[in-house]
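A lone chain, given as structure tokens: the form predicted alone.
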Amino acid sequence: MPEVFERMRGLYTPCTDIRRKIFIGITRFVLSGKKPEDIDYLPFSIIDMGKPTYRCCSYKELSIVRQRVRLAFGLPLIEERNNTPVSAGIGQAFTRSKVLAAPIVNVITAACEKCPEDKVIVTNMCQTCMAHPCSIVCPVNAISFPEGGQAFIDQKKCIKCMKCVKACPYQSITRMVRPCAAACGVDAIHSDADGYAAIDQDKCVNCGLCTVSCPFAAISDKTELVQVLHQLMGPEESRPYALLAPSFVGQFGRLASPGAIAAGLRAVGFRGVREVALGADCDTILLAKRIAERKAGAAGIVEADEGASAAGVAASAPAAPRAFLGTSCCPSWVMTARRHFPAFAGNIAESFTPMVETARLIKEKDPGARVVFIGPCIAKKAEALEPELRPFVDHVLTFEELAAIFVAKDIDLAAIGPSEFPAEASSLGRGYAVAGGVAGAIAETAEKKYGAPPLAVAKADTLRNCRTMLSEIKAGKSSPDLVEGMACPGGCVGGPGTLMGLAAAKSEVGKFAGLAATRLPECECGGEE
């Protein structure tokens, strides 16, 4: 049920409100020079103890805000029910160094409402009709009518076939699924012994969709806001570069042009701005070359086999089975593919992601530079923790976290006059932000730049759809040359750290891609892990 994510995407809900108030509050707290010992005063600038806004009472709001603040400082979750002050050790977050550590995504138990995991229920719309079609179509006799009243479903018998839902003439039967679990494409969310949501960190791939799908704001990720702010407040020569993900266009309002966003980043203290679409071009070049060479090699094998067969001579070696090349720019997709389909692990490209490629280019020229990736993605926070990648990317922020910095520093992007954007990338590289854009870029480049024949492409967005796609390939129902997987609906434009609706975001990315000086990538970089 990935559609659960789309129901709240683009809506400014109370969950969105409290999340952004916390980010802005923390940013103002740090920028004003407050000390760690002042942390207990911070929640009172975010909520009104005299009038509860989000919960049943102000004291519960206070407890939850304290825990969210701690996570936003980048520190491990401490719940007050564990009889430990939430502010314990908070001083270690006041640094320019990295403090973030796994797990990135956490459930705040005090905020969880113990939603039912998954059940088919009868609502009060049941009219106790005489036909009883729901019970007639039920294959396991799970539906009864106690004392001639409304339909009752025995949850121990129910197999959730949904036949009763379709048969009811009053639409009074529905399936109730915990929203966070419905949004999780790898089934990492379950209930603990007390009925609260719990994340199996061995299964979690940090896509973060649960954080924006929970209607009670009970799941939160850690941020690096505080550490980045300390860097921005440091000496000019030591301030970080900002790497903007391809999905950045439109995220800060339609009146905020790409040039204005770049100018805003420099105004808050970033040393320079680079577009990650340049790294996408690097990745495109690398994988387009690889798949073109693979296709050429496969064609040679086929010709040799056909020639040998025509001559009546047995082929010296059987033709290699057709193997796809999987994209690697989405870390959650890569983890899902390798964990759930280990036989395909070798098919997923080992190339650096666009984020890392762009950071690598900066650090090749300036080894001492610090780099902050800014994008829609929570999984990038986890990716930047990998030992082999830590030297390249110092910190990761989402668009939502960056927006808090703009607000706290009173920077109105719409009011910034015409400004240059450091245009470096191709149209295809900028299109990586939208589902299908990665595979499309690789296929088109392979064909037009390296002479490959038309490629068979398979693509899917949301991890549940990605798993279905790989299952079909495994079963022989599909035999693609190139496979693209995206964890978020619609691609990166649907990431949990975005600020606008999917359709609008996709449109803005398309417009910006059309402004690129070239369609095909021209850079000749490209690295492998």
Partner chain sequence: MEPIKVRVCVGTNCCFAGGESIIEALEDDADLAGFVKVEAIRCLDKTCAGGAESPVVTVGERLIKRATLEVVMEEIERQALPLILGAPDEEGRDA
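Quick caveat: nothing in here was measured; it's all calculated off a predicted structure. Residue numbers count along the first chain shown, from 1.
Heads up, the form predicted in complex with its partner chain isn't pictured, but that's what we're talking about next.
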Which of 272-280, 350-358, 119-127, 251-259 sits within 4.5 Å of its partner chain in the predicted complex, heavy atom basis: 251-259
4.5 Å heavy atom contact, K506 and its partner chain in the predicted complex: no
C15 within 4.5 Å of its partner chain in the predicted complex, heavy atoms: no
Distance check, I24 to its partner chain in the predicted complex, heavy atom within 4.5 Å: yes
D412, heavy atom within 4.5 angstroms of its partner chain in the predicted complex: yes
Listed residue that, although its partner chain is not shown, lies within 4.5 Å of it in the predicted complex (heavy atoms), from E383, E400, E424, E444: E400
Proximity to its partner chain in the predicted complex, single hit among M469, M500, I39, I46 (heavy atom within 4.5 Å): M500
